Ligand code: HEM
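Quick setup: one chain, the form predicted on its own, written in C-alpha cells, and binding and motion questions come after.
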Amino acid sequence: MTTLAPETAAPLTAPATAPLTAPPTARLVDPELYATGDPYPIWRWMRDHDPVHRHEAAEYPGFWSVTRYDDVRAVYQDARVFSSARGILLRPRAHGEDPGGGRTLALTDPPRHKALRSLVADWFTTRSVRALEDAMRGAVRDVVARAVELGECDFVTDVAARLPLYVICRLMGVPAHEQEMLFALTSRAFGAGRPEDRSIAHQEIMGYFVELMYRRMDEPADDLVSALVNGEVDGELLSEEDVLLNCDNLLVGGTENVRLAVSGGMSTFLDRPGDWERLRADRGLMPAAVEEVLRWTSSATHILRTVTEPVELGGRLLAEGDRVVLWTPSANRDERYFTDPDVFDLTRRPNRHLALGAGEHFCLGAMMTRTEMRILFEELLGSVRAIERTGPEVPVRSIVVNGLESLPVRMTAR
C-alpha cells in the first residue's frame, strides 16, 4: 500500500467556523447548485470535517471527494497511483467509460502521455507564445472595436471567447476564412441552447476536423493538426480517431479556460470597480491580477482520477479502482493554504493556485492562457472607458466547468 505524504503548508489563517451538521454533499453533482446555489459552504464544511468524503453510487459511480489544497495537489503529483486513463470527468453510469481514455493528452498516463505531449508542445513554449503576441493584440483590438460598435453585447461570447478561439484556430491550421464558421459552431456547441442542438453543432465541428485532417494528410503544414496526423508515438502513427479526439481536446482546452476566466474576472471587476481602476492606474499589478483571477474563478470545477493501487489519502484508505474527484474551487479557497481565501486580492503573493492543474498534467497551454488573459485585460483597460452591466449574468449550469454562460454589458470607447 502507498501512503501519500502531501507537501505540508502551515495554516496561514484559522479555518472559517462551520456548522456541525453536515450539508447536503450529494448536491455537488447537481448542476443546479452551480447555476442558482452556492457550493462554497459545502466545500468549506468538507474541508473542516470530512476532507476525503465518500459518495455512494447513484446516477454517477461511487467516488471520493477531495477538497483540501494539500490533498488535491498530492493527487495531481502522483500520476502513477492516480490515473487519468479511465477518464478525467464524472460520467453518469449509463454513459459508460470515456471513449478518449488512454488516447488523448488529457486522458493518458506516462509514458504515453509524455510522447503525445511532445508532438504538440513546441507550439506552447514561451518563445512560441511571445511570437504570437502582436497577432493576439491585433485580434483583441478588432474584437473590442466590434463590441463597442454593437453597443450592448454579451461579454462572454462577443469578447472573452473570441481571442482564445482565434489563437487555437491559428495554431491548428484553420484558415482565416473558416474561423468565423468555427466560432459560430463552438458558440452553439458550448452555449446555452437545447442539448440536441449542442450535440449537432459538436458533430459538425468534428466533421470539419475530419476534412482538415485529410487535407493535412495530403498537404502537411506547420500546425498542430499536421503534427498529430504525421507524428509518431511508440513508432506508430496515431489512428484517425485518435487524431480527431486530440483535435477536440485541443479545441476545448484551448478555449474554455480563457473564456471562463476572463468573463468571470470581468464580472468580479464590475463588482469591484475600485480594483479595475487600480489596475488601470498600475499595470505592474497585471501578472498578480491574472493569477488571482485564475484562482478566484477556478474554471475547472472538478477533475477525476482513478486509483491504481491501495493508497491512504487524508486518513482514508482508498482501494484500487476507486474514483477520486478533485474539487478545484475548494482547493483554491482552502484556509489552510491561502490567507483570506474568500477575498479577491489583486496583490496576492504567493499565489500557487491549482486552477491550471499540477504535475504530469499541468496545463499544456498555461503560458498561452496567462498571455491571452493579460492582453485581453490590457486592451480593455487601454481602449474602453467604461463597461457596465445591462442585465443579469447567467452562470453555467454544469458540474464540469465553473463560470458564466452570459454577461450582458455595454462598452464605451475612450
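All residue numbers are counted from 1 along the displayed sequence. For clarity, every value in this text was computed on a predicted model and none was experimentally measured.
From this point on, the text means the form predicted together with the ligand, which you will not see here.
Is there a heavy atom of residue 228 no more than 4.5 Å from a heavy atom of the ligand in the model of the complex? Residue 228: no, not in contact with the ligand in the model of the complex.
Wondering, does residue 355 line up within 4.5 Å of the ligand in the model of the complex on heavy atoms? It does: once the ligand is placed as it appears in the model of the complex, residue 355 has a heavy atom within 4.5 Å of it.
Report whether the minimum heavy atom distance between residue 90 and the ligand in the model of the complex is within 4.5 Å. Taking the distances in the model of the complex, the answer for residue 90 is no, it never comes within 4.5 Å of the ligand.
Taking the ligand as it sits in the model of the complex, is residue 173 near enough to touch it, meaning that at least one heavy atom pair lies within 4.5 angstroms? Looking in the model of the complex, residue contacts with the ligand do not include residue 173, since no heavy atom lies within 4.5 Å.
With the ligand left out here, work out from 209-217, 270-278, 127-135, 291-299 which stretch has heavy atoms within 4.5 Å of it in the model of the complex. Only one stretch qualifies here: 291-299.
Just to confirm, with a 4.5 Å cut-off on non-hydrogen atoms, which of 331, 324, 258, 182 contacts the ligand in the model of the complex? In short, 258.
Among the candidate residues 318, 243, 161, 303, which is the single one with a non-hydrogen atom no more than 4.5 Å from the ligand in the model of the complex? Selected residue: 303.
Using a 4.5 Å cut-off on heavy atoms, what residues in 108-139 are near the ligand in the model of the complex? 113, 117, 124, in sequence order.
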